[in-house]
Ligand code: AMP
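Taking the form predicted alone, here's one chain by itself in structure tokens.
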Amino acid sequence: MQKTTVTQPVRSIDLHVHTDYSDGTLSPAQVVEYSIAQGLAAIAITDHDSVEAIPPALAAAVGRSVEVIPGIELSADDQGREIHILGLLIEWRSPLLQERLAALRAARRARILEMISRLNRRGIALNADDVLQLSSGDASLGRLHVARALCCRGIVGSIPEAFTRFIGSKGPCYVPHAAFSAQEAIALVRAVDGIPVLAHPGISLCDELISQMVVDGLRGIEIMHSEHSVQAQLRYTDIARAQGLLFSGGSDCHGTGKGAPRIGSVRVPYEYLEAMKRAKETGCRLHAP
């Protein structure tokens, strides 16, 4: 009699998800529900400069089939380029983190107000309330809020058009982030016992800076991303192995802010998360198998 082999289902995760506490459009509870519907085993809540969505997301996941990983996404500037550092498995209740994030959110608000001012000087009738009404409470404001407001007012026809014409990094109304280096972002994540991960390097295009970031304490790199080509994924897999970095990946879901919700569009192996948990326990840099 031929022996039947039972194949265990592959457990998939998403380690890069935003909520309406930053520039996403889904509430924490909606993110959890959507993740369950997509059959994910775990998601990381990684709002920009905010951890306020973590408690409601954890509460929504109690007794459910998805694990919520506390995370953050920090925006940094190095040599004139915007670099994003994810902090995964962070101790999100840390007073140090709360204090630093409050300052970063204040700087974000000032940045957005300056963008609105620059739009006004170009004859674009947009005010702060147009943008603020698209955020949730003390949400961490970002350019996507401005882009959505421009769409709502009929000034542009799409989110990409808003970035191309006005607020993209080469746009006339772009305002850089307040001075906060990748080294500082990495140090902050490590100070709260998290795993610092370079987000979407295929978008940031900062490959020549990765070695220094590793010296500064970077422990992982986002290989899988919704905007990474197959070639980019292979490239960053090779870089991760060469640098001894952990593998990470995620959809970078912003709800409907960038089209349809991306949760589940990138099927990241659960083994990546397991390797991160081992690395956190041992304090060593390990790459995923």
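So that there is no doubt, residue numbering starts at 1 and follows the sequence shown. Quick caveat: nothing in here was measured; it's all calculated off a predicted structure.
This next part talks about the form predicted in complex with the ligand, which is not shown.
Peer 1: With the ligand left out of view, which of 153, 93, 118, 177 would have a heavy atom within 4.5 Å of it in the predicted complex?
Peer 2: Contact check passes for 177.
Peer 1: For the chain shown here without its partner, which stretch in 98-106, 209-217, 119-127, 75-83 has non-hydrogen atoms within 4.5 angstroms of the ligand in the predicted complex?
Peer 2: Only one stretch qualifies here: 75-83.
Peer 1: Is residue 134 close enough to touch the ligand in the predicted complex, meaning at least one heavy atom pair within 4.5 Å?
Peer 2: No, residue 134 sits far enough from the ligand in the predicted complex that none of its heavy atoms falls within 4.5 Å.
Peer 1: Even though the partner isn't displayed, in the predicted complex is residue 71 close enough to the ligand, meaning a heavy atom within 4.5 Å?
Peer 2: It does not: once the ligand is placed as it appears in the predicted complex, residue 71 has no heavy atom within 4.5 Å of it.
Peer 1: Residue 163 versus the ligand, in the predicted complex: is there a non-hydrogen atom within 4.5 Å?
Peer 2: Yes - in the predicted complex, heavy atoms of residue 163 and the ligand come within 4.5 Å of each other.
Peer 1: Test of understanding: in the predicted complex, would residue 144 fall inside 4.5 Å of the ligand by heavy atoms?
Peer 2: Yes - in the predicted complex, heavy atoms of residue 144 and the ligand come within 4.5 Å of each other.
Peer 1: Using the arrangement in the predicted complex, list in sequence order the residues of 46-64 with any heavy atom within 4.5 angstroms of the ligand.
Peer 2: The one in contact is 48.
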